[in-house]
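Read the single chain below, which is given as structure tokens and is the form predicted alone.
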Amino acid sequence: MTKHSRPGGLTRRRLLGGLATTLTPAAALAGTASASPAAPDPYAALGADVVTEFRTAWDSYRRLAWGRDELRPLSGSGSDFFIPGGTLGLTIIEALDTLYLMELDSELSAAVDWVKNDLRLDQRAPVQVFEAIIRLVGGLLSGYAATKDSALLARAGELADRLLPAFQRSATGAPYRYVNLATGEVHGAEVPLAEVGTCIAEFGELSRLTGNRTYFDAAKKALRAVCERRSPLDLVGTTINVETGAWVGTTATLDPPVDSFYEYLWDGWTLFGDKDLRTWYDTLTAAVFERLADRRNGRLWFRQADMTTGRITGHAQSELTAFYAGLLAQSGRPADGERYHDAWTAALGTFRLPPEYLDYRAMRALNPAYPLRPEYVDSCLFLWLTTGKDLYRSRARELYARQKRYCKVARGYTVVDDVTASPMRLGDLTPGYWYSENMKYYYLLFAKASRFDYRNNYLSTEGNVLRGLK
């Protein structure tokens, strides 16, 4: 997941296994451990436990916040994410394919009925374009992939059409940050890169399913608007003015608000075979490793630098960027992906849960929140699929145990405001992405998911399974 307006910070990403990657024999086994096929799978009980924990939180959402965007488990209420005083059923849409994978079919049926009968996409209010694409359009598409209910595909297309003015009314093709769902009015000309470029998987898949290239072409034009404005060092900044094309933020970084921009260059190439996207990804990645890579004690971190001069400007890292370990492995740099994951694993030797931001040189929390981020376990999944090493299931098991210990409450799970406090200080929110990402990754790692193709699949930055559902 990139995730900008989530509590405490911006985006992150997630990726695909198998479409352009040759899996090792161990990884190609559908969810099995590295032990012999005859041996019992030591993770099977954990897979069942994940379903139990998910079901507790889901039942709380159904009882206390059904139809609202998100659950507040401590206060026992619902909250709005996109529109104050309005709802787009975020948690319901985020959970569609997870319910399918976990074979919770009666719950899936109720969720689909809500989308078909109660979801209002014509609300006269602005929404954040990026979040609406990765979370709502993507969630509806994965729901369609799971159920083949044409109404879900139609709703995805309707929402995408309401978001298109953000792209079409921009002089550069990079989208405005906000669009009014009813009127098409746009605003927010200074847009972070992740919000500019994290749309080609969802829009491209919508084009593939409908035969209408408009969505793919809009998404690619947005990526081109950034890549063709890279610096002479082949670095990009953090924020661009979509009206003028001028850089507003000139720091080169992998962290938010850039993160999933890189992910979707690779995803677009892998899903749709677009050679421009592959060229842009390779060019920018080479510059990242030349200018930003920081190798320390056999581990890999990524610093910040000025995009024009290359001058080093910072040594911070966001947990959202932990997704990059899986992306590196999928895009042909597995050793670097493993080293970067090792670095985050070392951080978990200092912190009980990964803080939102840290100074990786001093191993000091810069932002001590833990908004139930899924990026570390996201990379566990894709490193396991790519390398076949059981190490990554083991690492996921450890973080799952810590999530249960520190984040579990009577009505499910909640975010942590300060991981350095003793006891930890809790917030009051179960983010929609927890249903779409965290618990799905754990389930796919621990269970032999009969409805998932472990050989050939695609998961979006939000964890939506757009391809690979059986």
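Not measured: the values here are computed from a predicted model. For every residue, the number given is its place in the sequence shown, counted from 1.
Note that the form predicted in complex with a small molecule isn't included here; everything after this is about it.
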| item | value |
| --- | --- |
| One stretch from 334-342, 210-218, 244-252, 374-382 that, in the predicted bound form, holds residues within 4.5 Å of the small molecule by heavy atom | 374-382 |
| Touches the small molecule in the predicted bound form: Leu71 (any heavy atom, 4.5 Å) | no |
| Any non-hydrogen atom of Tyr433 within 4.5 angstroms of the small molecule in the predicted bound form | yes |
| Partner contact for Cys199 in the predicted bound form: the small molecule, 4.5 angstroms, heavy atom | no |
| Leu320 within 4.5 Å of the small molecule in the predicted bound form, heavy atoms | yes |
